[in-house]
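Given next, in structure tokens, is a single chain: the form predicted alone.
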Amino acid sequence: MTAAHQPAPRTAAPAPARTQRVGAVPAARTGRRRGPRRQPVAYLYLLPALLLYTAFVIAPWLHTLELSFYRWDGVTAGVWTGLDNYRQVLTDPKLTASLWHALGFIGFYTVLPIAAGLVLAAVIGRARQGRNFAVSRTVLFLPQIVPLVAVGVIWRWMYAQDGTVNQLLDAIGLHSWARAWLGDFTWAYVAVGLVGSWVMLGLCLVLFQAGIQKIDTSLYEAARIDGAGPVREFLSVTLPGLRAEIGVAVTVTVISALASFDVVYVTTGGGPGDTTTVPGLLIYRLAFTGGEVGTACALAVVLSLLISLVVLAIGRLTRERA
């Protein structure tokens, strides 16, 4: 028998395809992930903090909002006035000027400390093995641990006619610049603002130094191999690496600028005239010495809304660029 007449080998019949129910497909094969199960019991752990926050923050703010619609002297019965208090806040030159003063303090409380803190953090970061690293950080952070009332008293002495600032000016031959800084209509606002810059510098420096330590050192080595100098290294490596820390610093310092009270109250009391008056100081005066509780509450509500809007805008910008 030749090979042509040999019967073809029998092949096994193909196995029937397994049918699979749609509902039986494993989650891992479909790429779907089940979210964590929400345990209602977990919310009970947040309840104590939520109760405290409601009692000491939300409830007083709502009561302030209610009082802002009344004309009330704090003793007799209040009279409903609708939006008159808000109209007064937005049209009275003295009240609107205080809001502009608070916004202007952002330049001293935010821009100057962050700019100076970035430069100092970069310089100290390049000399990370230096002996003065811990000492400089401690000295510059010192204003943050001193009460703001004490800061105001210290700088009131330094800005006095015979204070340290004028003595230094006399020592370097600038006698004509010596003056009573906190009583000068031109320089009082700048003098108070520089106190805020001094207070906020330490906080910004510590934030930026902590951020620099998280940056991968290989990035600096690569930049140096490419021939980058200190300025290029700062702009290309350090500054992008500190984006999150800059967002935190801007948020904290802007809130401090808009809600400033202690330093202004101790150093100038809002003077000379109204050149350094801020909303926090006016709220105190209107509510406790002026008998205009409704107007003070309206100004407080406007200030809180302004701070909330600014903080939300900063958070949104930081999140979009992150």
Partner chain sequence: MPSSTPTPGRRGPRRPAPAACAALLVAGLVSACGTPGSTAANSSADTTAVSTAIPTDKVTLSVLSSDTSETTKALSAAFEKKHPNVTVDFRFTGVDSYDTSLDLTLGSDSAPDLALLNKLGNTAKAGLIRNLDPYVDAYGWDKTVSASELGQWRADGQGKTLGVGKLWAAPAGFSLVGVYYNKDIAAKLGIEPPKTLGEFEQDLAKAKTAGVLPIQMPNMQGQSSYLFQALTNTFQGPGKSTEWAFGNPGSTIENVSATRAAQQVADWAEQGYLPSGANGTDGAAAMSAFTKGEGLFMFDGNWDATAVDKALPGKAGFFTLPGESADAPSTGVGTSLAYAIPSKAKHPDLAAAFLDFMTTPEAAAIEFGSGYMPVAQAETVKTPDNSILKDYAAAWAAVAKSDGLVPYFNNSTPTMNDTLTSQGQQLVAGKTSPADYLKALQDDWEKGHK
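Everything numeric in this text was worked out from a predicted model, so none of it was measured. Residue numbers count along the first chain shown, from 1.
Absent from the display: the form predicted in complex with its partner chain. The rest refers to it.
A.B. asks: So which of Asp170, Asp73, Glu221, Asp216 gets a non-hydrogen atom within 4.5 Å of its partner chain in the predicted complex?
C.D. replies: If I apply the 4.5 Å criterion carefully, the residue I get is Asp73.
A.B. asks: Considering non-hydrogen atoms and a 4.5 Å limit, which listed residue (Val123, Val149, Leu83, Val111) is close to its partner chain in the predicted complex?
C.D. replies: The residue in contact is Val149.
A.B. asks: Counting only non-hydrogen atoms, which stretch in 230-238, 246-254, 174-182, 205-213 is within 4.5 Å of its partner chain in the predicted complex?
C.D. replies: Only one stretch qualifies here: 174-182.
A.B. asks: Wondering, does Leu67 line up within 4.5 Å of its partner chain in the predicted complex on heavy atoms?
C.D. replies: Contact with its partner chain, yes.
A.B. asks: Closest heavy atom of Pro48 to its partner chain in the predicted complex, within 4.5 Å or not?
C.D. replies: Outside the cut-off, so no.
A.B. asks: Is Ala77 a contact residue for its partner chain in the predicted complex, using a 4.5 Å heavy atom cut-off?
C.D. replies: Yes, contact at 4.5 Å.
A.B. asks: Quick one: does Val266 come within 4.5 Å of its partner chain in the predicted complex, counting heavy atoms only?
C.D. replies: Flag for Val266 set to yes.
A.B. asks: Suppose contact means a heavy atom within 4.5 Å; in the predicted complex, does that hold for all of Gly117, Pro143 and Arg319 with its partner chain?
C.D. replies: Checking in the predicted complex: none of Gly117, Pro143 and Arg319 is within 4.5 Å of its partner chain.
A.B. asks: Residue by residue through 152-170, tell me which have a non-hydrogen atom within 4.5 angstroms of its partner chain in the predicted complex.
C.D. replies: Going through 152-170 in order - heavy atoms within 4.5 Å of its partner chain in the predicted complex - the hits are Arg156, Gln161.
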